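To begin, one chain is listed below as structure tokens, in the form predicted alone.
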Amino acid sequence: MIHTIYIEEEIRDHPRTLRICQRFPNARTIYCERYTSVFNNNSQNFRLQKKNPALILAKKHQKYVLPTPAGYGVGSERNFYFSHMLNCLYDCRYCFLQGMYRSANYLIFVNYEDFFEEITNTASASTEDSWFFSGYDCDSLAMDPVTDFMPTALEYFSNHPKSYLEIRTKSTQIRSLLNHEAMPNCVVAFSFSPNNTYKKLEHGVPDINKRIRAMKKLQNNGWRLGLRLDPVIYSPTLQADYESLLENIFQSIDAKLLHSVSYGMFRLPKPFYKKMIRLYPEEKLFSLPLTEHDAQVSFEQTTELSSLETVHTALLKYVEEKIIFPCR
């Protein structure tokens, strides 16, 4: 439940602002000149705010579309991401957003059309296909009943077949997808961790079996699916954990129809890691034997390589090598 909504003056009468506010008629409304005065305020505690986040409605003015980090993609040479929203409904203890932002409040940029205009400009700069990833700074589907972003995005991409959309999610909010005809240039990519990691670290995330049922429903309706195993977190039972997870998934999902699989090891930029330790000093994840290399904090390199090889080998039981994309 949202108890407080901050609204930039410039978009106070925007149709999306009014529609979103109608969902929370009892929320306190506070107007501000710029969202940064709330979202970037130094006197905030991410951990405390996460218990009762406010909603911030704003207009984004630049940097609608950005290149993805190196190694982020599923085969294309042209990979970009866009974020109509910052922060996530869920509370995964390993999530880098806790180290990136001061605020845990949900920030929604209501000027969706400006994102799509920039996507058009970016795609038109090359004759090659371009991939656009939604779900880097938020969960693409989890807040869709509030944002109503997906119907607009699907309509745009259905009219731009040379631009590919990946919707990355841990959510089961698939109604907007089922209400739309499946699209060849859209991949709905579900993220999973093994059950023990899910139970310990993925607070508020829908049950694994519920997500698998959502995948099956989408696949039965013609949607292309992706599987994302990220982050991989070492444990002594890692092999058995991933074999069990994949067996569970592929009992329901047709592996031959899967678009892509990607996986990557748990790692954080060192400043993010330090901030997250301060937020959660009691979290057992941060007491694991982690080391620093390449300005990132992760597991020791031999542990990392063996863990990734274990996941890769487990995947080959179900899918072909050509659709597996390690994120290094």
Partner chain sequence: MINLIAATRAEADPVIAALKLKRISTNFDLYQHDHIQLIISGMGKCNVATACGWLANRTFNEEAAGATSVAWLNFGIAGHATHELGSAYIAHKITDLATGELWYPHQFSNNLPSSELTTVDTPLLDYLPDQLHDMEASSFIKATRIFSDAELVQCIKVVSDNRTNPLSAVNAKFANSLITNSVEMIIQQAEQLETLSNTIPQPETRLFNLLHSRWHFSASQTTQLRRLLQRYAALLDSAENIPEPLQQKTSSKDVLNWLKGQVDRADISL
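Positions refer to the first chain, counted from 1. Fair warning: this is a prediction, and the values are worked out from it, not measured in the lab.
There is also a form predicted in complex with its partner chain; it is not shown, and the following applies to it.
Chemist: With a 4.5 Å heavy atom cut-off, would you call residue 200 a contact of its partner chain in the predicted complex?
Modeler: Yes, contact at 4.5 Å.
Chemist: Is the gap between residue 43 and its partner chain in the predicted complex 4.5 Å or less for some heavy atom pair?
Modeler: Residue 43 belongs to the contact set for its partner chain.
Chemist: Any chance residue 288 has a heavy atom within 4.5 Å of its partner chain in the predicted complex?
Modeler: Yes.
Chemist: Within 4.5 Å, heavy atoms only: does residue 272 come near its partner chain in the predicted complex?
Modeler: It does not: once its partner chain is placed as it appears in the predicted complex, residue 272 has no heavy atom within 4.5 Å of it.
Chemist: Tell me, out of 37, 68, 296, 301, which residue has a non-hydrogen atom within 4.5 angstroms of its partner chain in the predicted complex.
Modeler: In short, 37.
Chemist: 6, 233 and 284 - do all three of these have some heavy atom no more than 4.5 Å from its partner chain in the predicted complex?
Modeler: Yes, the whole candidate spot contacts its partner chain.
Chemist: When its partner chain is placed as it is in the predicted complex, which of 123-131, 171-179, 233-241, 250-258 ends up with heavy atoms within 4.5 Å of it?
Modeler: Contact criterion met by 233-241 only.
Chemist: Pick out the residues of 7-36 whose heavy atoms come within 4.5 Å of its partner chain in the predicted complex.
Modeler: Result: 26, 27, 28, 30, 31, 32, 33.
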